[in-house]
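Just one chain is shown here, as structure tokens, and it is the form predicted alone.
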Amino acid sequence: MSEAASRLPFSAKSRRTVEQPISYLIQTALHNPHLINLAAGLVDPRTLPVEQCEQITQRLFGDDARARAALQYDTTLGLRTLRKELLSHLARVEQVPEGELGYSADDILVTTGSQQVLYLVGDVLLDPGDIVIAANPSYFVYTGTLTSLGATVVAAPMDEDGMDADAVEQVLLRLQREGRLSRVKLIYCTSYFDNPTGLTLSLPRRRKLLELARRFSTHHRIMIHEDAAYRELRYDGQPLPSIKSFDRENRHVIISNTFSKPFAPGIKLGYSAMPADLLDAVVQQKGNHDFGSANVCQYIALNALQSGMYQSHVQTLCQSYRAKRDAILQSLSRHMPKHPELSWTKPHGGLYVWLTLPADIDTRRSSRMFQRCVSAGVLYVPGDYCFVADEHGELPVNHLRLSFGQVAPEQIDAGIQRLAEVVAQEINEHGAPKMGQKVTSARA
């Protein structure tokens, strides 16, 4: 058989799909058990609701009728009693009556994690060459999904108030002038405690993003996909209404939530509210995937919500993660070199801190700094993974993401100390700051 004849004819979509960067980081951590892993965006294993799920499953399988129902198929849309409970839950989170949400239980889809709905929405809305507007930096796993679907990601910068809505407006105006507005299908925004920066979209920008979607929907409806995965992990600051809460006609906004971050990733459930016509298309596509998410997991989620275990667990998580958030911020202040171009975010929730280093320091996976950190026993996510390149193919390489989700509390200070010593070494080798003083780690 010739070499050509033995070659598999992979589809164009398959050829566009590349390995996610997180795979390498996980492999690196597994091969070096002494690494302090500040890269993984996983939840704290010690806070997983083991006892609660044991009680739920004992009750569930102690009732023959309910057990048989849980072990049977349900609808592709999701267990109706769960969707009704989720509607009530979302109303509580929004602090409004159910009737003021602008959607019903029939507009809620249960998925196999929120990642599935990110893929499904893209699958039904996007053709190769279509445009998605996203923040820069943004959630790099989703960017990989969009690349697989053949979409073009056009980035808008973000600052301490989240995705810059004025910059989004300028992007839309530019695309309109270029005759490409008809290719814009979606605006993607992580509205609470953003991955990777930990920043939150301000209230005025929430309103403006929806206004922009409405105003520029001249060729077709432009959708906003509001990723609210971290919404319930709020440690301080004021609660904010979702972008979806302003979409009272249920026409322009999809809001996606998950059980993974506030409860347990092992039950692998997400849920989203969206316009009815989009929901119908997404459900048809989901039917091609799985005919519905795991029913027994939906019963576990339903019982957790109905019994109050879910709400109690969220409070426990917030206490635990708040302490870890405070610890990592204190360690950064204690150990990081003092330099005018070195800063980090101070998130009010979520699992991430975003670190910005002097512009001439390279944090990429191929960099000397990354290798030094691995040798020193600490792992981070290189920030370039999270950026979309500009029109010249360039992107910033002096950022990194830290996660305090999985790391043990007693490892946080040591991990930051190791990182800070490498950062100080890199800064010294790239030249002292303008004031002429040598930079050293705080420990030194």
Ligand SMILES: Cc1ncc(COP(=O)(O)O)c(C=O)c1O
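All values reported here derive from a predicted model rather than from experimental measurement. So that there is no doubt, residue numbering starts at 1 and follows the sequence shown.
Omitted here: the form predicted together with the named molecule. The next part is about that form.
*asked:* Just to confirm the contact call: exactly one of 324-332, 303-311, 119-127, 225-233 touches the named molecule in the predicted bound form at a 4.5 Å heavy atom cutoff, so which is it?
replied: Looking at the partner contacts, the answer comes out as 225-233.
*Contact label in the predicted bound form: Ser272 to the named molecule, heavy atom within 4.5 Å*: Output for Ser272 is no: heavy atoms all beyond 4.5 Å of the named molecule.
*Though only this chain appears here, would Ser245 touch the named molecule in the predicted bound form if you measure heavy atom gaps against 4.5 Å?*
Contact with the named molecule, no.
*Asn195 near the named molecule in the predicted bound form, any heavy atom under 4.5 Å?*
Close contact exists here: in the predicted bound form, Asn195 approaches the named molecule to within 4.5 Å, heavy atoms only.
_Please tell me whether any heavy atom belonging to Ser293 falls inside 4.5 Å of a heavy atom of the named molecule, as the geometry stands in the predicted bound form._
Close contact is absent here: in the predicted bound form, Ser293 is far from the named molecule, nothing within 4.5 Å, heavy atoms only.
*Check each of Gln176, Ser202, Asn136, Ser260 and return the one that places a heavy atom within 4.5 angstroms of the named molecule in the predicted bound form.*
Selected residue: Ser260.
*Answer option from Thr145, Thr363, Gln298, Ser114, heavy atom within 4.5 Å of the named molecule in the predicted bound form*: That would be Ser114.
*Would you give me the residues of 173-193 that have any heavy atom within 4.5 Å of the named molecule in the predicted bound form, in order from first to last?*
Heavy-atom contacts to the named molecule in the predicted bound form: Tyr188, Thr190.
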